[in-house]
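Before any questions on how it binds or moves, here is one chain, the form predicted alone, in structure tokens.
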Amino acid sequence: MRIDWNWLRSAVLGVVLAVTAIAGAGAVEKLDGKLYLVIAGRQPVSTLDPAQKYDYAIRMMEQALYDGLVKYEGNPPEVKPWLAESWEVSDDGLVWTFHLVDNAKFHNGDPVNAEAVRYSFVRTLELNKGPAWMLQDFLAPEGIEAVDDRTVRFTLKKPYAPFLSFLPWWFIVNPAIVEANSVDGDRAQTWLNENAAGSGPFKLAKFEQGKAYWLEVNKDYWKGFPYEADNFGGIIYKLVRESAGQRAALIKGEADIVGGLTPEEMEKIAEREGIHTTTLPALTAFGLKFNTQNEHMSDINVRKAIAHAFDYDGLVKIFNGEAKLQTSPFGDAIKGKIDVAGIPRRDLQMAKDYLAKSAWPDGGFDVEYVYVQGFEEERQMGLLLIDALKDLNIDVKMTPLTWPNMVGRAAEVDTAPDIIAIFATPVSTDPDAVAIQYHPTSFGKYYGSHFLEDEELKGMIEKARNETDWSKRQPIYAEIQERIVELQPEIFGMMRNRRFAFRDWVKGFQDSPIRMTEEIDLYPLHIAK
């Protein structure tokens, strides 16, 4: 890989870089005799604290720095043992007992024991951020017990069938490190924004917010690695804000892996020697979320008018056919998904009929559309929206924002925009992972930026998630899907393929539909000359 000297001069830990050539492929960065793989991504890592928040960049880094009891792998994604080598559940579904491996260690050498697991789950629940929503209705701090050094027991408040399916996103922190860096009772939240206290396959070498994040291989990783590469030093996640810049970096050899290129860029780059491309259908669903509590979008007839005016065929064309329209709020791989009759497609007359029933029968107002800055497909979606709503005499104001600023806008009903572009990846294949996005507990999260209030829907969601018998859950989830479509809290868009391109010296790339947008499992990645 060719070196960008201006960038590396400030980023490299005070160590002099050397460059080693690879036959027919430019050069590879080499630090202290080790090769470093560079991923060029558009989303910054706003925190490394696994209890605070997550998005694809955060989750990618956290899974490299930390371990969970279990981990998702493969296609279709399956929950595999990790820190827990085995587990069992009581007949009534209330008690889950996990048995830990005996050799796991944190980066400082402390053992990963049952108390560390208990502490980590309690911390996440009590901070009530990030992944807390997944289990907070079913698990209380007092229900978590370190039975002995290698056994941890969870006693749920009520049965919850999807419990195991959410555990891969609950990472284990080192209690001693966290407590040592706690300031004014913050439980090290500030310190963990840019530091780590994990046991994962990589250690944090350098954190340059807004520029690059350096990981070095944890050579003493308790689980070992699925490859032999003594000359592999680690991974650099470098921020490149525009997809055109990502593509250029890959071609020039300034990046080894890029994700999220436009379909046109993928076609062009796939023709180049030494570059591989891959696509995989994802669980991720795209929607244009409406703020159902603001002036115009609180009118269901306005929402339905916009949904029926939208150009769905144009949406798929943006992805050169590498996408599939949703036929339900649930993605195809979600258990219990049905095709909902009457889900909107472009029908201008129906759109005008709905608008005529609203408080603005002739339009004459504007709406704000917020999307990720530098995300070309989302910009094109905004252009589709502009063209579609002209026919309804509704103007669209396009506002590009960085992802953290988008999340900030979506956090409050008074600041959430009229329409926001959201790619939402369920963290489980269980239907509760999608249904809960339409429950009031999701308000203020990016996927809950619709602020949809409906007591009937709320009751159905709660009933379904408290039931462990699938034969009883299944019909409830069918009703939930139909009710969500009826309420029209968004334009139900499409499920796109995940797209990555990488140089041929990159080995170990493994994809899975469970991963978010441009998230990559860094554990098996390495460079082979």
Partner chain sequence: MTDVTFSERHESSIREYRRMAATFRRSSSAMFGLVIVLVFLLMALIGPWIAPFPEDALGAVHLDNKLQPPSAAHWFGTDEVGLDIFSRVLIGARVSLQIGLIVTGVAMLIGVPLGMLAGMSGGWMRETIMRVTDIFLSIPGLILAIAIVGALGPGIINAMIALSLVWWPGYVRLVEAKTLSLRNETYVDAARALGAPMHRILFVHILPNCLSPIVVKASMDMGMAILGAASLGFLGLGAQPPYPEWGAMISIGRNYMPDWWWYSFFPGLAIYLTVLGFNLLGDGLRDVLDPRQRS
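Positions refer to the first chain, counted from 1. Keep in mind it's a predicted model, so treat the numbers as computed, not measured.
A second form of this protein, the form predicted in complex with its partner chain, is not displayed here; the remarks below concern that form.
- In the predicted complex, no residue of the candidate spot (295, 358 and 393) has a heavy atom lying within 4.5 Å of its partner chain.
- Look at 372 to 380, 146 to 154, 420 to 428, 174 to 182: in the predicted complex, residues with non-hydrogen atoms within 4.5 angstroms of its partner chain sit in 372 to 380.
- Interface residue among 74, 314, 274, 159 relative to its partner chain in the predicted complex, by the heavy atom within 4.5 Å criterion: 314.
- Contact with its partner chain in the predicted complex, judged by any heavy atom within 4.5 Å, is made by just one of 164, 205, 94, 384: 384.
- Contact between residue 398 and its partner chain in the predicted complex is found at the 4.5 Å heavy atom cutoff.
- By the criterion of a heavy atom within 4.5 Å, residue 318 is counted among the residues contacting its partner chain in the predicted complex.
- Contact annotation for residue 247: at least one heavy atom lies within 4.5 Å of its partner chain in the predicted complex.
- Remark: residue 268 counts among the residues lining its partner chain in the predicted complex, judged by a heavy atom distance of 4.5 Å or less.
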